[in-house]
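Single chain ahead, by itself, as structure tokens, in the form predicted on its own.
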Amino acid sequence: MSSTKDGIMIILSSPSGAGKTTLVKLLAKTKNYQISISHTTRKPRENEIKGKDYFFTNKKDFKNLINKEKFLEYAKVFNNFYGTTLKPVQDNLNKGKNVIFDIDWQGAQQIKNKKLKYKLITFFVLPPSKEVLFNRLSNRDMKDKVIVEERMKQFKKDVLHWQNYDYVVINDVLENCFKEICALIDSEVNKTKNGYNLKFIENHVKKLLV
């Protein structure tokens, strides 16, 4: 049973390019959430800082952490490993700090399966359309067609996991999506009703999968 003094866990997942990382940073800055910084074996992107965006490591050291059971969750995504170490998360939650996670559906499911004592709210972020997603990926990945095509192929598989989340939000206008997430978190914490429209989400997913 979670203590009222404990922090809560908030997970944002999405297909690659839907904007979850931008939303996580905005939530952390505005709501003073602690971002859970993941370990990863992938190379840093331009402007990414070690210890702030990720703990960049190699596969040998990552697998060593797996063997020592240091991870709350970990997954292999696009041939790279990503993982969240447990201790820093627990330390923050026990101090009453809310922790927000920028992880994929595999990691989210592992955290759910752990059934920790802390309150958990999960969000799946979707793009407004496949066309918008393609443009975002093309800009982000420096127009590397191979990378973009790989992520677009993965997109349909990732979308299928939307039903495993408490809420699905559409990141069309960033500010609107941010406000919607904040309102849904507040409704969960305060145990009040919200205007979440599941039917609308179901129809949107169908359009994305066409």
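Numbering starts at 1 and follows the sequence shown. Computed from a predicted structure; not experimentally measured.
The same protein has a further form, the form predicted in complex with a small molecule, not shown here; the description that follows concerns it.
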Partner-proximal stretch of 113 to 121, 128 to 136, 71 to 79, 91 to 99 relative to the small molecule in the predicted bound form, 4.5 angstroms, heavy atom: 71 to 79
In the predicted bound form, Ser38 touching the small molecule (heavy atom, 4.5 Å): yes
Contact of Tyr167 with the small molecule in the predicted bound form (heavy atom, 4.5 Å): no
4.5 Å heavy atom contact, Lys157 and the small molecule in the predicted bound form: no
4.5 Å heavy atom contact, Lys179 to the small molecule in the predicted bound form: no
Joint contact, Thr84, Ile103 and Gly107 to the small molecule in the predicted bound form, by non-hydrogen atom at 4.5 Å: yes
Answer option from Lys59, Arg42, Lys50, Lys31, heavy atom within 4.5 Å of the small molecule in the predicted bound form: Arg42
